[in-house]
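Consider the single chain below, provided in structure tokens and representing the form predicted alone.
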Amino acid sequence: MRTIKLGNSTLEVPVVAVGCMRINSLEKPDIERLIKTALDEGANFFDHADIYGGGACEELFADAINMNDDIREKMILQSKCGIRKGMFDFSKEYILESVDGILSRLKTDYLDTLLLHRPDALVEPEEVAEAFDILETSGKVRHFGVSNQNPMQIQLLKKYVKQPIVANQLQLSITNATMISSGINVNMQNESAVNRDGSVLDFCRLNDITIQPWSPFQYGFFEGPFLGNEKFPELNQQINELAEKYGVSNTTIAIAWILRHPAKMQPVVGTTNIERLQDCIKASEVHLTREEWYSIYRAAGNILP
């Protein structure tokens, strides 16, 4: 498995992260097989959040593999906090409380990475800074990042937080590529030119923040996968042709399209199917040409000015 540095840290991570949002739909032996397959394939980065399954996903993860020091050393664990019922909460007390809960459920002493989930409109960055300092000093969290934040929100946080922001988890797929399209359609009077995120793609590249695309197979928010979907005939035809050329699945090509971008992103794949997970991992070995990348981009209905 090909690796990259996570942000400007020294932490080497696989280019594909394993999302654990849906593992509570599996039985314990299936979760164990999924995790062990990922580890065997070199995909040892596991993405959690305290809200996934109401905390059950973290508990099931640890129980399925009988978490202990030996297996903990073989994996990189990331989790997120800040989403509560009916609101978001980045208060110092809630961040600290959330991390203690995460560590308890995962049966570990530390997280490799903690991300702040959806932006809190009432965030007081001074409190976030205090929480991060306590977590770092105590050894409970080694690296810090954010999720779904724009450049100015990150800049505000960085004014007070001394730890580097190493990751930003953002929605991105072939059919949800507004962060790319707005950069292509600069100064144009069309829908694709609308800058919805403050040029977050370029900002993250400039500041050595790894983008972690979530829902890499979804169109819309959670409207369903575009692969094999009759709503996207031209896109699927193009993907299938390239899959045949490279001798891989359409799943592999969809992830390879994201990995081809020079921003060195780390897509988070949430499949619970072992074969599909292996197909995602194979994407690290496929390097699409510039022509192939743009052919997929256009086939999804994206325009070039």
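So that there is no doubt, residue numbering starts at 1 and follows the sequence shown. Remember, predicted model here, so these are calculated numbers, not experimental data.
What follows is about the form predicted together with a small molecule, which we do not show.
- Only one segment in the set 221-229, 193-201, 67-75, 129-137 has residues whose heavy atoms sit within 4.5 Å of the small molecule in the model of the complex; it is 221-229.
- Contact annotation for Trp257: none of its heavy atoms lies within 4.5 Å of the small molecule in the model of the complex.
- Within 4.5 Å of some heavy atom of the small molecule in the model of the complex lies at least one heavy atom of Arg276.
- At a distance threshold of 4.5 angstroms between non-hydrogen atoms, Tyr52 is in contact with the small molecule in the model of the complex.
- Shown alone here, Ser215 lies within 4.5 Å of the small molecule in the model of the complex, counting heavy atoms only.
- Using a 4.5 Å cut-off to the small molecule in the model of the complex, each of Arg22, Asn148 and Thr271 places a heavy atom inside that distance.
- Just one of Thr113, Asn176, Gln169, Ser182 comes within 4.5 Å of the small molecule in the model of the complex, counting any heavy atom, and that one is Gln169.
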